[in-house]
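Given next are two forms of a protein chain, the same chain in both, each as structure tokens and marked structure 1 or structure 2.
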Structure 1
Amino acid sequence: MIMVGLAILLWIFGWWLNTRLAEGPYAGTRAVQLAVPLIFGLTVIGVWELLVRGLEVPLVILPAPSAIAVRFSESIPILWADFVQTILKGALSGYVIGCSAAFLMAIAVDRWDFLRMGLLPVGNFVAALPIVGTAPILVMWFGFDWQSKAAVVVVMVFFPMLVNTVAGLREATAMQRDLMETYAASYWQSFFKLRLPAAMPFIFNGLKISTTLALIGAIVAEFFGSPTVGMGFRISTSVGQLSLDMVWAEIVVAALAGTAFYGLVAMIEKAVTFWHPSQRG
């Protein structure tokens, strides 16, 4: 019970400290904005550790963060191989192919109305299909290596990216489009000088949504067939072996990769759309 009491005290202290920082005179500074989520995360990990130790929770139910950290440090070569197979090969390649194809298709949809009327309803239908139904089919079509995982990612990211890009290309107002016509601008001149810049916030919104979908698609697809490497393969086999610390180590890798991936896209968005009100300090 001492551990449980320490966990309660740690949570109260972390709550008090974050409240003071978030509501203090320096709340808007960069240091406080970084410190608050860091303190909150460390508090959660500390409470997790103390509760698991104090309540003697079995490893097969919930491993302590220290046990996960030990397993992580001992399994770096395995985790790296899984990261390369799932993230760099499957998720990243599918992300690039799917988002690029969706962007080009969005230009065609914007150019010809019959594509917008015919393709977007089909896209909504395909986007609603469960991954557990499409992944096995694509694995059978493209094989058990990373190519099938990339195909699953393409299907998952294509239509969210397409819908966001089409919406962004139609964001320019009628007055702005009429002004371009009065300047005798061609379709492509109007596209590059007006409509594409106006669509950038929507495009990056689709790119950020797709980062999460790409990771989920690549990992889940490996549950339906994979070589003896990959994050999804490792998670499924480790669960069968009741090695929950290895499962959590893979989850940590996925969380770090997803955060870095999303952060990279957000940094590029800030550099490209610095003029947008959402990016102003």
Structure 2
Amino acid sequence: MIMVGLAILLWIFGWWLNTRLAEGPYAGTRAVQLAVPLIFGLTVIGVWELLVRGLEVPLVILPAPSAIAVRFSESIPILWADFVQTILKGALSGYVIGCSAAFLMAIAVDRWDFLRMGLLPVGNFVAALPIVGTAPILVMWFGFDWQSKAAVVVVMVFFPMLVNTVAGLREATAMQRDLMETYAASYWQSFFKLRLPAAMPFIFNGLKISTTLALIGAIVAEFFGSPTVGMGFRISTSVGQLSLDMVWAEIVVAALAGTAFYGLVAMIEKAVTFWHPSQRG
């Protein structure tokens, strides 16, 4: 009961601290803006720990953060192998293939108006579909190893990337196009000097959406069959064995991988589209 009381106290204290910070004179500074969510996160973890211990929640329902941390540090080799299998082999290779294919396709689509008019609604339609569902088919075709996961990722990222790139390539204004016309610029000159740079914010939007989709595809596809390694495999077998601390450890890996992947793309975006109003502010 003491633990539960402590949890309530900790929650009140964390909230009070954040209120002071958020409404205090330094609320606008970078340090406070970083500290507030961090305090909130730590408070949540602290309350979680105390509640699990105080209420003696069994491991099979919710492991304490400390238990997850212990399991994480003990299983680093396994987690690393899973990470390599699912993220580096499955997700990343599928991401690269899918995004490049969509990019090349977008250039072709942009060149022929008829193709663009026909393919864009179809692409928008497909982008909203539950494409993870293709996983069992692709696992059947490409086997249990990472190739089938990469294939699922290719299918998942292709259409969002295509739609964004096509939209981006049409982003240059009529005036900018006229300017290229007055220079009698060739198609590829105006493509590389005008339309491609103007499309960059859209292309990166597609790339960012695709990072998350790639991880989802690679992990979920493993639920339909995988070798005895991989994050999706580990999650589904650990759930079966009720070792939830391992599941949570994998989720931590997934969260870290997801934010790192997204952050990396966002950093490249910042360097490439430094000129765009959304990046300047």
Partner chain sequence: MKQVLAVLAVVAAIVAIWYAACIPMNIKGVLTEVERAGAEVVPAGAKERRDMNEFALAARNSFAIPATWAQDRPRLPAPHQVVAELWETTVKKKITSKRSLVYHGWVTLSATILGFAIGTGLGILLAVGIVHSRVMDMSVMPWAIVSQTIPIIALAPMIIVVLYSVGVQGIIPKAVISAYLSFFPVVVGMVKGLRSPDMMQLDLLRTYNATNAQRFWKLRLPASMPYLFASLKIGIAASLVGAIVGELPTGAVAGLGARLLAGSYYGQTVQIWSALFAAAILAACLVGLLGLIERVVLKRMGMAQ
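Because the structure is a prediction, the values reported are computed rather than measured. Numbering for residues begins at 1 and runs along the sequence of structure 1. Heads up, when I say rigid core I mean the largest set of C-alphas that superpose within 1.5 Å between the two forms.
Structure 1, not structure 2, is the form predicted alone.
Checked against the rigid-part motion between structures 1 and 2, the candidate from Gly133, Glu56, Gly240, Arg30 that sits at the hinge is Gly133.
Rotation of the smaller rigid segment with respect to the larger between structures 1 and 2, from C-alpha superposition: 8°. In the rigid-core superposition between structures 1 and 2, residue position Glu23 carries a C-alpha shift of 4.6 Å.
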